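Below sits a lone chain in C-alpha cells, taken as the form predicted on its own.
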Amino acid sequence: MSARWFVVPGQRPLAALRALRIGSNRLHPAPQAADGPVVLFDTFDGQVAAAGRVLLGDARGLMLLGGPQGPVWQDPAVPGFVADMADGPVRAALGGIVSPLRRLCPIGEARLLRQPLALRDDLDKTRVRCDLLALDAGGRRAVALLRAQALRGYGPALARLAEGLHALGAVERLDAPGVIATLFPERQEQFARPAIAMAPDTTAFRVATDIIRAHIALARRTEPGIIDDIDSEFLHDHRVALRKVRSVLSLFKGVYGAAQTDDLKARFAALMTRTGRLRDLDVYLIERPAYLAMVPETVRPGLGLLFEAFAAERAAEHRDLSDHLQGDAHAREMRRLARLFDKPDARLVRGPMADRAAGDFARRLIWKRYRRVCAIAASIDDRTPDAQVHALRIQCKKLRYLLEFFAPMFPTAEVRPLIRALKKLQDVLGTFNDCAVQQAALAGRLQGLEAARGARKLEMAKGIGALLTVLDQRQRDARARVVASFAAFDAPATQAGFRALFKTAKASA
C-alpha cells in the first residue's frame, strides 16, 4: 500500500500525535530520533516544489521528500546543475523534475526533527509505520509533515489513523509550495510569477499598467542571479519580462498617449539591447553538445576551438553586463520606470482606449491577431519566402502573449488548450528561426576568419562549415513541418475555441 502524507498543524506536533487515540491504538515514538540543521534547495522558479517535492541537505547527505516511494536519500552531494551532481537516487529523481538549464540553490535554513513513530495496538503490535518530519525556520515559521504507511494487511488501521489526523486539522497531502511559503514567506513573495487580478470591466489602462508593473519587478528580481551567474535562465527570464513589457506597449494601442508610448518603447528597447549578445553566447554554449553531435567527428576539434572562443567572449560580456547592472545609471533608469507605473494616474498619459473595458478590449485584440496568424499561415507553401515564415513566428508570439496576459479573465479549461496548441506551432517556427539566426551569425564568424592564419583557422573553418551545412538542413526540415504544424493548430476544436471566446459581433462585422 502506498504511503500517505499529512501536514500536521500546531507548534508541538509530536505531543499532539502522542496524545492521539485511534480506538485502542496509539502512536509510539521510536528511540532513533534525529535533530539538526538542514538547508532547503530549489531552483529560482521553484521546479522542485512545483513537482510536489521538498529537497533537504545536511552534512550527512540529501533527502528528497514526496513521491510514491517516500523519502529518497543520497550520500553528501553538492546540489547544483543536476547533470553535475554525483550519481545516486536523489540525482536520478531530480533528473525528471529539474530543467538541465536550472541550478539548484539554497533557499533557506531550518531545523529538522525526524522522529519515527509506530501505530501499535493493545498487544503492542505495529500496524502502521510513520515518520514525522518537523521543520522549524524560527519566528513561528514551522511545518510538520507525517508520512504514514500501513504494514501488509493493516489498511483499515491506516484509514482510521487518517480519520484521527483529519480530526486534528491535518491536511492530507504534501503541499510542497505551501511548505516553502510557510517556512520562507519572503522567498515566496520575491520569486512568485506575476499574478495579475483583472475582470472584464477593469479598464484597459489598469490592466496594461498592472502587467507592466509586475514584469518590471520580475526583471529586477532576476538581476542578482545574472550578476552572480547562477545559471543562464536568469538572463532568459529577465529578457522575457522586458519583452512582455514592450509587447504590452505595442499591442495595447491607444491605452497610453502616443508620445509617451514611443518614449517607453525606446527605453525598454535600450534595456534589451544591453543583454542581447550575452544571451546569444549563452544559447551557443547551451547547444554545444547538440552541435558537436551533429557534425562528423573529424571536424569536431574545429568546433571545439569555436566554442572556446565563445566561452572567452562570454566571460568578458558577462563582466560588462554585471558592471552595467550594478551601475548607478541602470539603477536610476529602473527606478524611474518603476515610479511611472507605481503612480500611473499622476505620471502616465491616458490614450483614447484607456477607459475601454478590458474584456471587450481583450476579445478585439486576440481575435484580430488570431485572424492575422491564420491569414499568413494559409498562404505559406514550399515557395513562400523565408521572411513570411518569420512574420508568422512574430504574429504567433504576439498572439501567445495576448492569450497569457488576458488568461485570468477567461475560463482556464478553455484558454489553456488554445495556448498549448499555439505553443506546438511556435516550437516548429522557433526551430526554423533559430537555425536562420545561427547560420547568419556563423557565416559572419567564418568571414571574420579570413584575416586569421595557421592551422587553428583551418580547423575552425572546417567545423563552422560543417555546422552550417547541418543547420541549413535542419532549417529546411523545420520549414517543411510548418504547413503540417499549422494544420494541426487550425483544427476544428481550436477554431471553435477561438470563436467562442473571442469573436464578438463587432469583430465579425
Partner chain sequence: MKIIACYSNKGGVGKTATSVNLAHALARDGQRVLLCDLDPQGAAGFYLRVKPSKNLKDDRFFKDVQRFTDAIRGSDHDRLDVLPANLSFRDFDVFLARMKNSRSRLKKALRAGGGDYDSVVLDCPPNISTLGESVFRAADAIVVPVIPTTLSERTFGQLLDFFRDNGLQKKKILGFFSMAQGTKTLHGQTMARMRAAYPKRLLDVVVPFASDVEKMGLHRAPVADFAPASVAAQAYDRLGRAVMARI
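Numbering follows the first chain given and starts at 1. Definition used throughout: the rigid core is the maximal C-alpha set that superposes within 1.5 Å between two forms. This structure is a prediction, so every number in the text was calculated from the model and none was measured.
Separately, the form predicted together with the partner chain exists; it is not shown, and the next lines address it.
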Candidate stretches 109-117, 122-130, 329-337, 349-357, one within 4.5 Å of the partner chain in the model of the complex by heavy atom: 122-130
Among the candidates Pro100, Gly153, Pro289, Pro417, the residue which, in the model of the complex, approaches the partner chain to within 4.5 Å (heavy atoms): Gly153
Is_shifted Ser24 between the shown form and the other one (CA, 2 Å cut-off, rigid core): yes
Shift of Ala346 between the shown form and the other one at or above 2 Å (CA, core fit): no
Exceeds or equals 2 Å, Cα of Arg372 between the shown form and the other one, core fit: no
